[in-house]
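Heads up, the chain below is alone and in the form predicted on its own; it's given as structure tokens.
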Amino acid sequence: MRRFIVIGHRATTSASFKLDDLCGGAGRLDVLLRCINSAFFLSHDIRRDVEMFLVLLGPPSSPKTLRFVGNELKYLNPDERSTGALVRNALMQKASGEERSSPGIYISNRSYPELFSNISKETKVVYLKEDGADIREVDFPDDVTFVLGDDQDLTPEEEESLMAYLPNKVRLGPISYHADHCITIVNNELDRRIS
């Protein structure tokens, strides 16, 4: 299983955003929607072996965590607007525990540290960071979780929380990339290893 955890530092936790203003009015939710597309979409198919967590930390009621499960997903289309509608529908749910909003999409009030408590201790955690080891020199098991920020780096507090899981720091190349591009690069790198 491949997992991606993306921290949405300003992403709204309200369903009142307009689908025509995903950049500004939704706290850069557009970045997270592109990450969803990069994690799951293939040409004419969806990756079934991927799970993605979006941790939304924006106002008014953070945190909210959305979980996308590839082998259950339905109604996911490659355009940001329809994916934004799925996220908005999830945010309309009252999440006491983890609630399913549509097939393959779940919402909870879990915080970033709480999220890790539910991830198997058997999984390898990888922090995508520019000062890490080159991805081409690192081996990955079948069960791996990649952590990255949206258009902002993880805060020192978020990094400290992550370090408790002894992650490997891994860089994807010689320069910084957009979050959604990082996910595409990781998927490509792992695909090459199993082909």
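All residue numbers refer to positions in the sequence shown, first residue = 1. Given the structure is predicted, the values throughout are model-derived calculations rather than measurements.
One more form of this protein exists, namely the form predicted in complex with a small molecule; it is left out here, but the text below deals with it.
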query: Contact flag, H178 vs the small molecule in the predicted complex, heavy atom cut 4.5 Å; finding: yes
query: Close approach of L128 to the small molecule in the predicted complex, 4.5 Å, heavy atom; finding: yes
query: is_contact(R10, the small molecule) in the predicted complex, heavy atom dist at most 4.5 Å; finding: no
query: The small molecule contact in the predicted complex: V144, any heavy atom under 4.5 Å; finding: no
query: One residue of P167, G149, P63, G70 in contact with the small molecule, assessed in the predicted complex (non-hydrogen atom, 4.5 angstroms); finding: G149
query: D134, E160, D49, D153 - the one with a heavy atom within 4.5 Å of the small molecule in the predicted complex; finding: D153
